[in-house]
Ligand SMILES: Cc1cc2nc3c(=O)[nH]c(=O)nc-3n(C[C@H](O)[C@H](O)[C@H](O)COP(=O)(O)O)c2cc1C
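The chain below stands alone and is given as structure tokens, in the form predicted on its own.
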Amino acid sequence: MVMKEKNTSRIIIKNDKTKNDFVKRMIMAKAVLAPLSGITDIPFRLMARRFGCKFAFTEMIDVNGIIYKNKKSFRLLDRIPGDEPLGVQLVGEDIERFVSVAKICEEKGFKLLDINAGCPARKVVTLGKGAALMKDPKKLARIVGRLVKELSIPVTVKIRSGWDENNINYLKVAKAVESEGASAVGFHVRTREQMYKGEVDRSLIFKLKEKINIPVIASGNIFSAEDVKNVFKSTGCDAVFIARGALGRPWIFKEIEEGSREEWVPEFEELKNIIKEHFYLNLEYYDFIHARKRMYKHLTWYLKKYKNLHEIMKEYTNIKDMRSLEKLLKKLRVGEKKKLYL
């Protein structure tokens, strides 16, 4: 059970010490790298760690992929030295499969498990997973209850404000999972219908924080250190998730740590070195073809503020090995009005 002292926001944890030590580590990190499908793999997490990320999550992992022994899914459970502390996030809808896969995660050494009840992707929700669980709070609560009972590690839940504007039920959902033993709630303040569009109503985070007694991690439209500061000030949240704000900017964690008022922008030569380092990390984990494919989107994010990117990416798709990548980066220059050229 998690309780607040009277007249203070300090959280007192009164249940299993081992479980809550890891939750405390997440809260103490303040800025947490969110689980992002297809993005937060080992190479990207290591880049974020380089710039000060103190807590991260795996990519979202479908329990069915593990149940059916899919090699790609199992690889998402890989852990390496230097990539700690690390939480794992699962998405699914079958309770027994959730339990089976959660136990595998625990056996692999994960110390915190997050349930995704917020992913809005059509291919996810049409199967009753992700944000679809917002429509069935009782089922989500049963999943949490079983996992809390079966595991010795803490269970957290990522939710949205509701399914659509006519079904805003985040308070009901959060209270339900809290009652079943969830150790924290991640809260993206948009509905499933909104996806990632429109403004976020952070007053909902404040309301949630007032109504439940477990930590709340705020999510949605957090793109800078100043955003982080404003979210903490206006909501009283315990930590924040950094998601899209880290795309092409893993150094956002450095900005947050330093309390920067302005975005830190690396010199172009330094940026090229960062890109090269990221690619090399991919080569330690994937073969060249897969590394090039994985890095394509990251390269577009790293260079998104520059013009003529389309032509550069056409050249990128033609690289055959690391030598040709280094040659491309060496030739890459910035001209007037931030136009890229080779």
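The first residue of the shown sequence is 1; numbering continues from there. As the structure is a prediction and not an experimental result, all values here were calculated from the model.
We do not show the form predicted in complex with this ligand, though everything after this point is about it.
Does every residue of 73, 77 and 291 put a non-hydrogen atom within 4.5 angstroms of this ligand in the predicted bound form?
No: none of 73, 77 and 291 comes within 4.5 Å of this ligand in the predicted bound form.
Could you work out which of 124, 151, 231, 243 is the residue within 4.5 angstroms of this ligand in the predicted bound form, going by heavy atoms?
Selected residue: 243.
Given that this ligand is left out here, which of 63, 60, 26, 295 has a heavy atom within 4.5 Å of it in the predicted bound form?
That would be 60.
Taking any heavy atom pair closer than or equal to 4.5 Å as contact, tell me whether residue 303 reaches this ligand in the predicted bound form.
Output for residue 303 is no: heavy atoms all beyond 4.5 Å of this ligand.
Hey, in the predicted bound form, does residue 182 get a heavy atom within 4.5 angstroms of this ligand?
Judged by the heavy-atom cut-off of 4.5 Å, residue 182 is well away from this ligand in the predicted bound form.
Is it the case that residue 34, even though its partner is missing from this view, gets within 4.5 Å of this ligand in the predicted bound form, heavy atoms only?
Within the cut-off, so yes.
Is residue 220 a contact residue for this ligand in the predicted bound form, using a 4.5 Å heavy atom cut-off?
The answer is yes: residue 220 has a heavy atom within 4.5 Å of this ligand.
Among 135 to 143, 190 to 198, 251 to 259, 170 to 178, which stretch has residues whose heavy atoms lie within 4.5 Å of this ligand in the predicted bound form?
Checking each option against the 4.5 Å cut-off leaves 190 to 198.
Would you mind checking 113 to 146 for residues with a heavy atom within 4.5 Å of this ligand in the predicted bound form?
Contacting residue: only 116.
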